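For reference, the chain that follows is the form predicted alone, supplied as structure tokens.
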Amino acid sequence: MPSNRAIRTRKDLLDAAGRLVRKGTTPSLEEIAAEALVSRATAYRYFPSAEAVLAEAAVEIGVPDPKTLFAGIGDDPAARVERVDTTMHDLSLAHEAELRLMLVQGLLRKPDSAVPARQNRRTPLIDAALEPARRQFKPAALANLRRALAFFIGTEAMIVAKDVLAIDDAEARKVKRWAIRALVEAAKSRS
């Protein structure tokens, strides 16, 4: 399991790549490492190439801050999680090629690697979505809910809809909203 330090280092590399891209450059992995204040060798432990970190950085830039994401939406946990899903679904569609590449690279890593295979973007957003309603759930039900929701939110769900189920985008969104509502209600009933 990756350490907190490894997770932070990976995030620092993604943030550094984002800063350099926003300046209008296409940086090398060495330049990204220098911007992140890590060695070139460290950068290569986390990403096989500049293209890999830049592809993921493009996605990282698009993930909104929770305060912005939930502005004006209220405290209904299902509605808030649906907002997360819509955001992540749109982001997945906009960066489908980069995200598929990221998934391939993650699958090629050793499962027991001390270096994280990818950045966890969905769980912090799911946690922020559920925060105002957390007292509506028993702790165990809340823990199961946040994990179950992670199965339906993100790139993998979009790929299953397209590649496995062969359903169009509108149908995929409809099914995911149904699943989100069902999971939230199931978690409430166990509280």
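Start at 1 and count along the sequence shown; that's the residue number. Being a predicted model, the structure only gives us computed values, none of them experimental.
Unshown form predicted together with another copy of the chain; subsequent notes refer to it.
Not one of V38, L54 and A58 places a heavy atom within 4.5 Å of another copy of the chain in the predicted bound form. Only one of 147-155, 40-48, 61-69, 127-135 lies within 4.5 Å of another copy of the chain in the predicted bound form by heavy atoms, and it is 147-155. Shown alone here, I7 lies farther than 4.5 Å from another copy of the chain in the predicted bound form, counting heavy atoms only. Within this chain, T123 lines the site of another copy of the chain in the predicted bound form, having a heavy atom no more than 4.5 Å away. The closest non-hydrogen atom of D169 lies beyond 4.5 Å of another copy of the chain in the predicted bound form. In the predicted bound form, another copy of the chain sits within 4.5 Å of a heavy atom belonging to K174. Annotation for 85-104: interface residues with another copy of the chain in the predicted bound form are R100, L101, L103, V104 [heavy atom within 4.5 Å]. Relative to this form, in the predicted bound form the C-alpha atoms of G24 and K67 separate from one another by 3 angstroms or more. Compared with the form shown here, the Cα atoms of R22 and P64 sit 3 Å or more farther apart in the predicted bound form.
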